[in-house]
Structure formats: structure tokens, C-alpha cells
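Shown below, as C-alpha cells, is a lone chain in the form predicted alone; questions about how it binds or moves come after it.
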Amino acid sequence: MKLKDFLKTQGIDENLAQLIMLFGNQATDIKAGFLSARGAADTRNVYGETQMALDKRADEILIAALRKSKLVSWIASEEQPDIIEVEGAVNPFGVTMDPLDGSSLIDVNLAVGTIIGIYPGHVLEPGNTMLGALYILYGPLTTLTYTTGKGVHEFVMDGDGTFMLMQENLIIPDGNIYAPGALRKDYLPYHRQFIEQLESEGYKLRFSGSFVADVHQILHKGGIFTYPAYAGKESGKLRLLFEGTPMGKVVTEAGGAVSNGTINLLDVKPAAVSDRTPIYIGGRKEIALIESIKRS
């Protein structure tokens, strides 16, 4: 079944369905840049990081499409210093986006992706207010996984660029994979205890350096991804709005959980688009373990 038809069968609000389709429709253009826009750009993003040419290309494609559609009132992008307000918007929606997560891995042909959060209004609100979230993974297959609170559903792009249903109502299984970010020498004591507990239980390390790809694997195989607070980065490295909350929404709707190590990440209200956070995302068992260790 085509994505467009599936959204209709789910009874998704027409404006929200159009927005999901809009993101899916940009995937082919973003993928086309993988051959022509590789390497670093001569600019930095709001975090002071060197932008990849593909980051800028994906950002420009998505912003242009959103502006033209007028489907949203606010756009917050990891590649932009400020929230963009769309004049003449027909919906009060706000979106957050990481246009191309993991783009530094393009030159070694590893999976990267686009991460989107959709809010009923302004984006500086807790993730538990989101209408939905989705990510597009550019790997051996190009897949789109979305939720609007009615299950988590995965689609695969066919040869004509159409997303077709691959798996309905995804549920994260029990698993024994862990994907740990940060250097072990910089682990804080409670996080070190957590990792040692996982290893003592036979968890297997699987970490590619692409957040969206690693979480996609956890969603399908179980276990946990973590990029914790660590020495020198006590506020964490990953972004609350662009990475933690939207992917947390997807995993939570699939029966998993997301945490900053203390509380549900979806309950955290961001103060600014640049907020960073420690992230633990995956199975409920693993999230309960880290929160228990940190409390003790």
C-alpha cells in the first residue's frame, strides 16, 4: 500500500498527512545530492560545527518545500540559528528537523537520515505535545518510518520513488544490543556502572556514528542507544529538539522509552533550539535500569 493511501486508512488529519507526504517527496532530491555535494562546506552551523555540503543541500531542499507549501507556521532546523516563521501559513504546525543526521559518514557510504518532529504549534514545547514524528533512512534501502500516535509504521521507497508499506505497527523487541557514544575514559560513574551492567549481561556493541541509523537498528532489534553526559560535556552532546525528542517519540510509540538518565525526555521543555541533552533511547527495561542506577 502506498504511503498516501495508508495515511487515509489511518484517518490522519488531511493537513498532517500532506505534511508527512511532503517530507517523503523530498527524499529523492536529497539522495541525488549524495553523488554531487560531498565534502565539507565553508560554513559552520549554530553549534560552531563545520557544515557538510550535504547538510546545507538537504536543509535548503526541505525549507524551500515547506515555505512553498505553507503547511507549517514555524521551522526549526539544526542548520539554522533561528526559528523560521512562514508568512501566510495555512496551519499552526511547527516542525523541527535534522536535515541530514550522520552526514560525515557519506564519504564512507554508511547510512544517514533525516529526522522530523511535528508540533501542533510552536516548537519550544515538550516532546509529549508532538502530533507526530518521522525519520527517513538512506541506507541500502530508503525507508520512511513515522508515527502520529497510532502506531509506528515503516515504508520503503520503490524504483519509482514511491513509499510502499513494509511493516505496520512496529514494536521494539527485547534485545541485547547497545550503541554507546562518548569515550569510555570520560564516562561519569553512574554511566560507567550502567555500561558495565549491560556488558555483564552479554549485550553486544553496535555503534556506527549515525544516530538515526543506530536508533533504527535498536527499534528493530531491541537494546539501547546512549550518548550520555560525560566529562567536559555534562549537558550531553546531542540535540533535544532535533534528535532526542522526535526519535524518542517514534521509539516510545513502538513500546520503548527515552530518557535523559533521570526523567522521560519527552517531558522536558526546551529553553532554546540549541539545547543539548544526554540521551538513553531503546527498550523500557534498559531505560528503567539507567534511571535506577542514577537515583541510587
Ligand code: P6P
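For every residue, the number given is its place in the sequence shown, counted from 1. Keep in mind that what you see is a predicted model, and the values were worked out from it rather than measured.
There is also a form predicted together with the named molecule; it is not shown, and the following applies to it.
With the named molecule left out of view, the stretch that reaches within 4.5 Å of it through heavy atoms in the predicted bound form is, among 267-275, 231-239, 26-34, 248-256, 231-239. S210 is the sole member of T145, S77, S210, T114 with a non-hydrogen atom within 4.5 Å of the named molecule in the predicted bound form.
G102 belongs to the set of residues with a heavy atom inside 4.5 Å of the named molecule in the predicted bound form. The named molecule is not shown here, but in the predicted bound form it comes within 4.5 Å of a heavy atom of F225. Residue E243 is the sole member of 243-257 found to place a heavy atom within 4.5 Å of the named molecule in the predicted bound form.
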